[in-house]
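Encoded as C-alpha cells, the following chain is the form predicted on its own, with no partner shown.
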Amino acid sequence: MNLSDASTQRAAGQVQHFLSVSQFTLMELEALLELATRLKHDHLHGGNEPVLRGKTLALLFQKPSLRTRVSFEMAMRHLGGSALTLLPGEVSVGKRETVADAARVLSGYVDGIMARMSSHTQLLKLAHNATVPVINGLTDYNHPAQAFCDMFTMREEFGRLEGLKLGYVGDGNNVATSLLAACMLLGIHFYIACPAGYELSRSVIARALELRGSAATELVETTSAAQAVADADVVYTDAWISMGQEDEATERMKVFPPYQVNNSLLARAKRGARVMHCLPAHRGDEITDDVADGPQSLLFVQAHNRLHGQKAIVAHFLR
C-alpha cells in the first residue's frame, strides 16, 4: 500500500495521515485552505471553538524546531486540545526504541502524532504502525505542512492562486519538493533554479507532472536564478545548507552564491513581487537583510500563518 495515498487509506477504512501534499485532490486541498481561512478569521474575531477539546497531539522530534513546535502546540491550545512535546534526547526513536514500537505505544496515549523526522522512510514506518493520525512535520524528503501554509499565505496575499508564478531559487530540497506538488495541484506556475547537481530528483518531477491539473500550468527547471524569478509574483528561497548537510558546507558555499536573493535579483521579478523563505534564514547567504526585512518580504507573515494553516490540519485530521 502506498502510505501517502489518502484515497487508499479511506477506501480501506484506515486512519488518515497527513504525509504529503500529493495525497490530496484539488478539491480537498482547496477545502483545507478554506478551513484555514475560517479558523484564522475566528481566532482574530473572538477565538476558535474548542473543536479538539479532550484531544492530545504528541509532537515527536528528531530534529530541532521553532516554528513547527510552537505553531502546532498553540494550534492545539486554540482549538481546545493539548500538545505533548517529545524532544530527541527524551525518546531517541529509532535508536533507544524502534519506530514501530514507538508508534504503537503512542497510539495508546494520544489522539495524533506530529513527527519531525530525519528519515522519510522512518516516517512511513511510523504511520504504518500507528492507529492514530500521523502528521508530517518535516522529513529529508518533503515538508508538506510548510508548503500548505505557504499556499495559505499566498492565497491570503493575492486573493487567488491559479495563474500566479512562483520562482524558487536555491537548493532542490524537501521544501521545494512539497512546494512543487502544491503548485502543480493549484495551478501555480513553478520555475526553479538550482546549481547543477542540486536539482530536484527526476522522480519528484515526474510525480509533480502527474498532479498538474492543466497543461497550461508551467514547470520550468533552470540553472539561471534570473530566469526563474523573471516576472514572478513570488520569489522563494531556503537555506543552502540544511540540517544534516553540515559536512557539505564548504562545497555548497562555492556553488550557491549566484543564487542569493538580493535586491538586484528581486528587481527582475514583477513590480511589488513578494519574497518568501521558510526560515530559519542564513542572512547574507541565501537572502540579504534588506530583502528579508524589506517592504516586499512575507517572511514573518508566512511564519505566523503556520499557526493557522496547521490549525486547519489538526482540526481536519484529529476530529
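It should be emphasised that the depicted structure is a prediction, and the values quoted were computed from it without experimental measurement. A residue's number is simply how far along the shown sequence it sits, counting from 1.
There is also a form predicted in complex with norvaline (NVA); it is not shown, and the following applies to it.
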Could you tell me if residue 175 has a non-hydrogen atom within 4.5 Å of norvaline (NVA) in the model of the complex? yes
Norvaline (NVA) contact at residue 278 in the model of the complex, heavy atom, 4.5 Å: yes
Does norvaline (NVA) come within 4.5 Å of any heavy atom of residue 135 in the model of the complex? no
Given that norvaline (NVA) is not shown alongside this chain, does residue 242 nevertheless sit within 4.5 Å of it in the model of the complex, heavy atom to heavy atom? yes
From the candidate stretches 253-261, 279-287, 266-274, 36-44, select the single one in contact with norvaline (NVA) in the model of the complex, where contact means a heavy atom within 4.5 Å. 279-287
